[in-house]
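Quick setup: one chain, the form predicted alone, written in structure tokens, and binding and motion questions come after.
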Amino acid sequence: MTPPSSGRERASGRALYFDNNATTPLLPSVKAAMREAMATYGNPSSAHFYGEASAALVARARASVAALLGCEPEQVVFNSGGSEGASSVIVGTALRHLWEGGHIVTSAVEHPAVLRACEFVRGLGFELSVLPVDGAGRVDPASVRSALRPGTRLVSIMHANNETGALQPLEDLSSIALEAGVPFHCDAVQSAGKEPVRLREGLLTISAHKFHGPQGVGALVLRGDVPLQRLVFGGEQEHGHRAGTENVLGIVGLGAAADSAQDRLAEPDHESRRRAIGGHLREGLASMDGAMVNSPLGDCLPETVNVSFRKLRGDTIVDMLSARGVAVSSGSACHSTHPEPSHVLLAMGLSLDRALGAVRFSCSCLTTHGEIDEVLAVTEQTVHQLYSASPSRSR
């Protein structure tokens, strides 16, 4: 892929981008759709033909997102992305039940957008159950069943973990909640566009920029009769769920990214190609001195490989790789400027040192085997240099 002018290009003349779980580059088809949409500048709520043209673009994108997620277009609510979606669901649920209170269930490995929203509603007087995970980072469906009680208002559990790629048993978890009459929310930010995501009832949140769409736009899917208090007031846009003039260009980009993702998912070799790329990266990292792979082998996004190196700090490795033209991360992009041990890895039972030593490599549909070979060579050289610099860092 063509890198930005970062000033950190490698000797080969290009940078290596392996932080796709943080954000992905725009596909050419997405750029083209957004450029074409720039000529249409009417407000979608306006009754004249300028407004009708913009409204048609929004409707077309809504149909594309609905097709990707297996829902009806009228169930798609456009917003600014996964964080807003999580707050809309969790805080919106709490506000609808503010006077009678209640109980919310989530897991210990959720994205901060979910965990912090849950902490906020706990401050409003709601009880909160944070379910543990096993060594692979997965929630036991039986623990969801045990956590449910009279007054449980919501279960919110992600599909794919942003740090390790671990996939939750979404169908089992959602069925348990829905059979008990409790709304289920799935944070599908990391899985949408990569894995088939289907939720027969409940709430689903996605972000365009995780699957080659623009930043700052996403969607909330509302399936079934789920009562939510709106958080943004004004007009009646988005079926009355979110006021404000729609981000038409962003929505068009999201729709184009959804179309492209749906095409990829339909390709016969889609899954085998993903596994070949991810397997190549995982095997190369696992073979390095001091490496301990934290991402589970099965039921995991193959594009995501989280690895720790004994007695090395993950943020140190990230900085050194960045200086050499390689972009990776030490965990969630939300914490990249404040290195702390990963709450996800600690919840999985890993040691503090191992959590602090973690580095996340994440590919996309644009990643090539040649790029993986390059990033493995640079990473191995970097790790070897760190170990050689200090005898106390013996593997």
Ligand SMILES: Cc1ncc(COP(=O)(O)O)c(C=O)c1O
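Nothing here was measured: the structure is a model prediction, and the numbers come from that model. Position 1 is the first residue in the sequence shown; the rest follow in order.
Below: the form predicted in complex with the named molecule, not depicted.
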Hey, with the named molecule in the model of the complex, do S83, H111 and H209 all fall inside the 4.5 Å heavy atom range? yes
Can you pick the one in V144, V248, L154, V189 that has a heavy atom within 4.5 Å of the named molecule in the model of the complex? V189
Taking 4.5 Å between heavy atoms as the contact cutoff, choose which of V139, L285, M158, L220 touches the named molecule in the model of the complex. M158
Using a 4.5 angstroms cut-off on non-hydrogen atoms, would N306 count as touching the named molecule in the model of the complex? no
Find out whether any non-hydrogen atom of G101 is located within 4.5 angstroms of the named molecule in the model of the complex, and reply yes or no. no
Although the partner isn't part of this model, could you tell me whether G244 comes within 4.5 Å of the named molecule in the model of the complex, counting any heavy atom of the residue? yes
Just one of 195-203, 222-230, 254-262, 209-217 has residues with a heavy atom within 4.5 Å of the named molecule in the model of the complex, so point it out. 209-217
Residues of 162-177 having any heavy atom within 4.5 Å of the named molecule in the model of the complex, listed in sequence order: N162
